[in-house]
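Presented below, as C-alpha cells, is a lone chain in the form predicted on its own.
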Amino acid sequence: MQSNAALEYDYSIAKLFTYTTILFGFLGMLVGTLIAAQMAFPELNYLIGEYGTFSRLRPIHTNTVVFGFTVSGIFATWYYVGQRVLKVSMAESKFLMAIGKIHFWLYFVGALVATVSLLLGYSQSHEYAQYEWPIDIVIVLIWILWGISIFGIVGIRREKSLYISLWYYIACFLGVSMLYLFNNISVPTYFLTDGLGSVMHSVSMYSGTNDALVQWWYGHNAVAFGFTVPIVAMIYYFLPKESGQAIYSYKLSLLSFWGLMFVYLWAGSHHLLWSTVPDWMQTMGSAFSIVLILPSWGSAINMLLTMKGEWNQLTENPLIKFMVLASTFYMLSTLEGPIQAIKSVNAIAHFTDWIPGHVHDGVLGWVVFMIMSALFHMVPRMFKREIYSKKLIEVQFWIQTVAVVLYFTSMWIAGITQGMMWRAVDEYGNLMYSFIDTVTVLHPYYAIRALSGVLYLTGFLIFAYNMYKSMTSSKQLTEEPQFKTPMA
C-alpha cells in the first residue's frame, strides 16, 4: 500500500469514460435534433428510407442519451470521485484495474451493438427498455462489473466514513439493478410459438395492465436512479470542491437521501392516470409525487445555500454558474412533475407535448449541465492542463441556457394547447377540433423546439471542442488546483 503523502490516483478508466460521455452526448443530441426537426418538417423522415424515420430514430435518441451519455458520465465521475473521497488509488489493486478495464470495453462495445440493433428495428417496445434480451444480459454484466468496482474500492478504502456522494452512487447501482432485472424479464417468441417466432425478438413475462405497471415502476425510477440520484451525487462533490464552500447542511443531505429512496419508488403509477390501473394505485402515485417535492427541493436548496455569501463566484466562475443553474432547473422540473401528476391537471397534460417539455428541462438543464461542469472540473486534475478557454464556456452557457428555455416554453404552450383542443366540445357535445387541427396549430412550436435543438447541439459542440483542446494543447499545470478550476 502507498502512503497518503505519496498517493497518486489512477484516472485511466475515468478518462476512457470521459471520452465516451462526449461521444455519446454528441450522437444522442444530434439524433434528438434531427427527430425534433422531423416533427416540424415531416419530409425529413424520408431521407434514408426506414432507417431515418422518427419511429426508428427516437429510441436511438433516448437510449443514447440515457445509457450512453448519462451512464458514461456516471461511470466517469465515479472512477474519479470514488478514489478521491475514499483516499485509495485504483492502481493499488490489479484486480480492480482489470475489472475497470473490462467494465469499460464491454460497455463501449455493448453500447455500439445496442445502438445498431435499434437502428435495425430490434425492439421490445418498452420505454427506456427497448433493447432485446441478449443486450439486456450484456447490460446486467456491465452493471455487475460496476458493482464489483464500487464495493471493491470501498473495501480497501483508507477513509472510513462514506461521504454522502457515495451513498447516492451506491443507491444508483442498487436501484437500477432491481428495476432493470424485474422489468426486462422476457421470453423469445421462438420458444412460445413452436419455432415460428424469432430467437432475437422477445415478449415480456407480464401482460396488459400488469405489464404497464411494472414498466412505469421501472420507467419512472429509471429517471430517479439514472437522472436524479447519481447527478445529486455529482453536485454534492463537485460544487463544494469547485467553490471551496462546505455543504450547507449535512443533515439535510441525509434527510433528502432517505426521502428520495422511499418516496420515488412509489410514484411511478402517475404515468398511468386515467387508465385501467386500479384507482387506489393512481391516487397513491399522485400523492407520493406531491410528497416527492420535499426531498427533491431539500437537495436543491442545500446546494443553493452552499453558495450563501459567495454569490460573487457566479460572475467569476462559469462552472459555478452551470451548477447553480442546474440546481435551479432541478427545482423547476421536480415541481412541474408533481403538478402534472395531479389527476385534474394530468387529464389535460397526458399524451401532450407538455410531458417531453417537463422531461427535457430536467435532462437538458439539470443532468447535462451537471455532467458537463463535472467533466470540466475533472479535466485539469486528470490531464494536468488548464481549461482551454473560459470565454468558450461562457458562450456555451448562454447558448444552451437560451436553448433550454426555448425548448420547455414552446412545449409547455404546445402541450396545454393540445390538451385544451382535444377536450373542446361544441354546444351539442361534439368535438370541435380534429387531430390534424391540433397538428397544424402546433407547427410553430415544433419549429421552435427544432431551433432549440440546433442551439443546444451547437453548445455541446463548443463543449466538446473546449474539452479536446484542454486535454491536448492547453497550458500545463505544475500542481493540482485545490478549488477553482484554472481557465485561460
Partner chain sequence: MFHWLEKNPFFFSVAVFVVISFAGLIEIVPNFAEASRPLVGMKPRTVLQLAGKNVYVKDNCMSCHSQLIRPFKSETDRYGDYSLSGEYAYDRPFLWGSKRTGPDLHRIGNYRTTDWHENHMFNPSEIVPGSIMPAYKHQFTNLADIETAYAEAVTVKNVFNTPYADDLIGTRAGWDAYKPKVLAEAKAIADNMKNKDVKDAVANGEVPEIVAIIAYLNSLK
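What we label the rigid core is the largest C-alpha set whose atoms superpose within 1.5 Å from one form to the other. Nothing here was measured: the structure is a model prediction, and the numbers come from that model. Numbering follows the first chain given and starts at 1.
What comes next is about the form predicted together with the partner chain, which is not displayed.
Legend entry - the partner chain contact at residue 64 in the model of the complex, heavy atom, 4.5 Å: Contact check for residue 64: no, nothing within 4.5 Å of the partner chain in the model of the complex.
Legend entry - Contact flag, residue 433 vs the partner chain in the model of the complex, heavy atom cut 4.5 Å: Residue 433: yes, in contact with the partner chain in the model of the complex.
Inset, instruction - State yes or no: in the model of the complex, is some non-hydrogen atom of residue 45 no more than 4.5 angstroms from a non-hydrogen atom of the partner chain? - result: Yes.
Legend entry - Partner proximity in the model of the complex: residue 102 to the partner chain, non-hydrogen atom cutoff 4.5 Å: No, residue 102 stays farther than 4.5 Å from the partner chain in the model of the complex.
Inset, instruction - Kindly indicate whether 396, 399 and 476 are, all three, within 4.5 angstroms of the partner chain in the model of the complex, using heavy atoms. - result: No, the whole trio is out of contact, none within 4.5 Å by any heavy atom.
Inset, instruction - Work out which of 220, 126, 360, 385 lies within 4.5 Å of the partner chain in the model of the complex, going by heavy atoms. - result: Of the listed residues, the single hit is 126.
Legend entry - in the model of the complex, the residue from 319, 379, 213, 96 that sits within 4.5 Å of the partner chain by heavy atoms: By the 4.5 Å criterion, the partner-contacting residue is 213.
Inset, instruction - Quick one: find which of 23-31, 455-463, 64-72, 37-45 has residues within 4.5 Å of the partner chain in the model of the complex by heavy atom distance. - result: Going through the listed ranges, the match is 37-45.
Inset, instruction - Check each residue of 241-269 against the partner chain in the model of the complex and list those with a heavy atom within 4.5 Å, in sequence order. - result: In sequence order, 250, 254, 257, 258, 261, 262, 265, 266, 269 come within 4.5 Å of the partner.
Inset, instruction - For residue 198, state whether the C-alpha moves by 2 Å or more between this form and the one not shown after rigid core superposition. - result: Yes, residue 198 moves 2 Å or more.
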